[in-house]
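Just the one chain here, the form predicted alone, laid out as structure tokens.
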Amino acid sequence: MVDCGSWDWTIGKRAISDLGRVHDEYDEVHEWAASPDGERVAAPVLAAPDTFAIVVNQERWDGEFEKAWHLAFTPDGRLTALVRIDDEWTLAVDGEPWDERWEFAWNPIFNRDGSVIALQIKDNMEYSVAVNGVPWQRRFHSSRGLAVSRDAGRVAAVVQVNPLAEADTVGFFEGTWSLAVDDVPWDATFINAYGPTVSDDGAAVAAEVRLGICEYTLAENAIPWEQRYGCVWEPSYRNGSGRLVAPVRIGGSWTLAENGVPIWGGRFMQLWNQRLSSDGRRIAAVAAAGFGRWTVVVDDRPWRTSFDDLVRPPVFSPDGARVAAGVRRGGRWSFAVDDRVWPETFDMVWDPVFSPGGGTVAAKIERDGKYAVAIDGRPWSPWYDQLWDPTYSPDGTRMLIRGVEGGRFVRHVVGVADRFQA
């Protein structure tokens, strides 16, 4: 979780970096990444033929790389990048590459405060995980899916623990996949495993597992649920309770189960992307109540409004009282908040952001190639050439907008009550 209490919340606009000069100086400038506090903006650049560098606020990191990509800021504000040095990959953090390097590295993830950085690695046709620069000792035949507990920093990965020859159907059905947690694989193996999930306190680890041709369930700490289903989707832990919830398919329809027991009476043609309120008491999910008709279900109650194209994963307000989601109907995007659809439509939308008190909803939107912040149904900010998600101040009275206008990356703090238009 990003701590924004110490940021500069002084009302006003500051130009942080002249991106136009960076584009003029280098032949290639790749995707920009903005720090959560808006004080830095960074991108990989082609410094010379087959030579990349990282530019942060027009200044280059020391050192050059054969490749550089996937720039991301940790929750505690450090800048990370996957880089290749001497035909090997590693992670650079604030300009310092990790000592260890591998044939390939991908999928860096962070825990809530950024103290744990984990990524998947491949070396000599073997797969593993590195945590804060230190690789696990064990190696596996393959790996997919990575998760870290938000608080405890435990790391879990889906791994193939047994080899499988071509056309070895017997070995396939005996199971070759499992989970490894902090370098220790489960004793149990499965035909397939997906979607690793770790409880916040790190006490429990779960995943979707396949037991037969059409037989699925959830496994927790290597023990499968007794119940078997036609299919399952990625599970979630209720915060603070250790209870595991997941969409499951029973008798041709979908519902929500907790620790193996259905807890919703509703049955749907599809159910997924469940999200829990911060206290874990409420659950919202995306559902298909009928063929090609999507909606949001909150605590087993579907919204009356449905959409023919798409519904994005729902978002709870901080107090858990309200729910919002990006929606698309007839090829146009908008938002639905508490079962009411915003009147205006857009070319594209991003995840909604509730104010700390839950009274207002803001989101990044796109129209005609320009980007703005919308609040409670209408474009609210100036339009930018590029934009990142808005952030409310802790007291909800101000908003930080990070955008690009006129070739400059700007950091703009505005009063939420002082609505303005450009």
Partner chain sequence: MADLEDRQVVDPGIDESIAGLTPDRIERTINRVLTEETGARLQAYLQTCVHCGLCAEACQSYISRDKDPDYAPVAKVKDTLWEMVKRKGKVDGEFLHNAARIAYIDCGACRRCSMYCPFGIDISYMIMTVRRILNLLGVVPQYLQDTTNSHAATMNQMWVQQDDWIDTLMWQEEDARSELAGARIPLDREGAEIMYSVIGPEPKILAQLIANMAIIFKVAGADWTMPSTDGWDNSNMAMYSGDFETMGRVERLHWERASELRVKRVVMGECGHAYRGAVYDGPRWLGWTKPPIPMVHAVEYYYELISSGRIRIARKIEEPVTVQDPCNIVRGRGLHDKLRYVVNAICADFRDMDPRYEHNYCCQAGGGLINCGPPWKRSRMKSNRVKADQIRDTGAHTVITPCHNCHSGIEDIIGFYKLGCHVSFISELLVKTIEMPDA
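Numbering follows the first chain given and starts at 1. Nothing here was measured: the structure is a model prediction, and the numbers come from that model.
The next section is about a form of this same protein that is not shown, the form predicted together with its partner chain.
K.L.:
Would you check whether its partner chain, in the model of the complex, lies within 4.5 angstroms of a non-hydrogen atom from each of Phe73, Arg228 and Arg301?
P.N.:
None of them does, since no heavy atom lies within 4.5 Å of the partner.
K.L.:
Can you check 256-264, 93-101, 343-351, 128-136 and let me know which stretch has heavy atoms within 4.5 Å of its partner chain in the model of the complex?
P.N.:
Looking at the other structure, the answer is 343-351.
K.L.:
Give me the residue from Asp309, Glu88, Asp200, Asp338 that has a heavy atom within 4.5 Å of its partner chain in the model of the complex.
P.N.:
Going through each option in turn, the one that passes is Asp309.
K.L.:
Among the candidate residues Arg112, Arg322, Arg78, Arg210, which is the single one with a non-hydrogen atom no more than 4.5 Å from its partner chain in the model of the complex?
P.N.:
Contact residue from the list: Arg210.
K.L.:
Is Arg154 close enough to its partner chain in the model of the complex to count, meaning some heavy atom within 4.5 Å?
P.N.:
Arg154: no, not in contact with its partner chain in the model of the complex.
K.L.:
Answer yes if any heavy atom of Thr169 is within 4.5 Å of a heavy atom of its partner chain in the model of the complex; otherwise answer no.
P.N.:
Close contact exists here: in the model of the complex, Thr169 approaches its partner chain to within 4.5 Å, heavy atoms only.
K.L.:
Could you confirm whether Gly145 comes within 4.5 Å of its partner chain in the model of the complex, counting heavy atoms only?
P.N.:
The answer is yes: Gly145 has a heavy atom within 4.5 Å of its partner chain.
K.L.:
Though only this chain appears here, would Leu164 touch its partner chain in the model of the complex if you measure heavy atom gaps against 4.5 Å?
P.N.:
Heavy-atom contact with its partner chain at 4.5 Å: present for Leu164.
K.L.:
Where, within 290-309, is there a heavy atom within 4.5 Å of its partner chain in the model of the complex? Residue list please.
P.N.:
Stretch hits, in order: Gly290, Phe291, Gly292, Trp294, Asp308, Asp309.
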